[in-house]
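A single chain, nothing else alongside it, follows as structure tokens in the form predicted on its own.
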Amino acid sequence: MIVVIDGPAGSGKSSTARAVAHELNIQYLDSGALYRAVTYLFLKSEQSLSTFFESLNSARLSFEFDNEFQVTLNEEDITSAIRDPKVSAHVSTIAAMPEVREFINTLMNNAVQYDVYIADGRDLGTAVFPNAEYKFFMIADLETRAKRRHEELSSKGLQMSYSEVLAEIKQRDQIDSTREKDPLKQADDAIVVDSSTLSFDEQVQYIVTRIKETITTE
């Protein structure tokens, strides 16, 4: 079973999905982290597309959720490395590549066959899991999203100014919503959650309430 939360960068979907996963005792799938992992591979390939695609074909990308979403690429733990601003600056461009999307979509679809998952992303409800049991779409105004992302980076010791974060999110919104393959889009049957008008606990409980009666946990 799969529940999805889509939305633009900084809307709060990842932190909300993790909290819902903890409360309902289900698995969490961070699609953004997987795209960051592939972007990390691209940067390690010295930004050569031919080298990158060759590496992608043989890449061993795995993940697990144990309090945090941990990602391993070719036996290397890259959980922290994929949050580097250099990765953030390239992730939307790499994620727009059809070959990359096919690779990640196959990985995610294989993973959710055997457990109950909540996943967050940008096109999960429309392209990856169109038959998801529940679909949510989180929104927030641009300034709120930039502030959240800036605070998140600062808490991890990553130095970017607020204006740099704001410009990056604007660029990511543009790329994500206009890419030819699976653009950022609200599914017709998605439930909209405006995270700029709710506290974190309120948005988590709202989603939990909507799905709790359906999900069976041990």
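As the structure is a computational prediction, the values presented were derived from the model and not from experiment. In this text, residue numbers run from 1 along the sequence as written.
Not on display, but discussed next: the form predicted together with a small molecule.
With the partner omitted here, the stretch from 109 to 117, 70 to 78, 136 to 144, 95 to 103 that lies within 4.5 Å of the small molecule by heavy atoms in the predicted bound form is 95 to 103. Under a 4.5 angstroms non-hydrogen atom cutoff, the small molecule in the predicted bound form has A9 among its neighbouring residues. Mapping the unseen interface onto this chain, R172 counts among the residues with a heavy atom inside 4.5 Å of the small molecule in the predicted bound form. Taking non-hydrogen atoms only, S14 approaches the small molecule to within 4.5 angstroms in the predicted bound form.
For the chain shown alone, K185 is not a contact residue for the small molecule in the predicted bound form, no non-hydrogen atom being within 4.5 angstroms.
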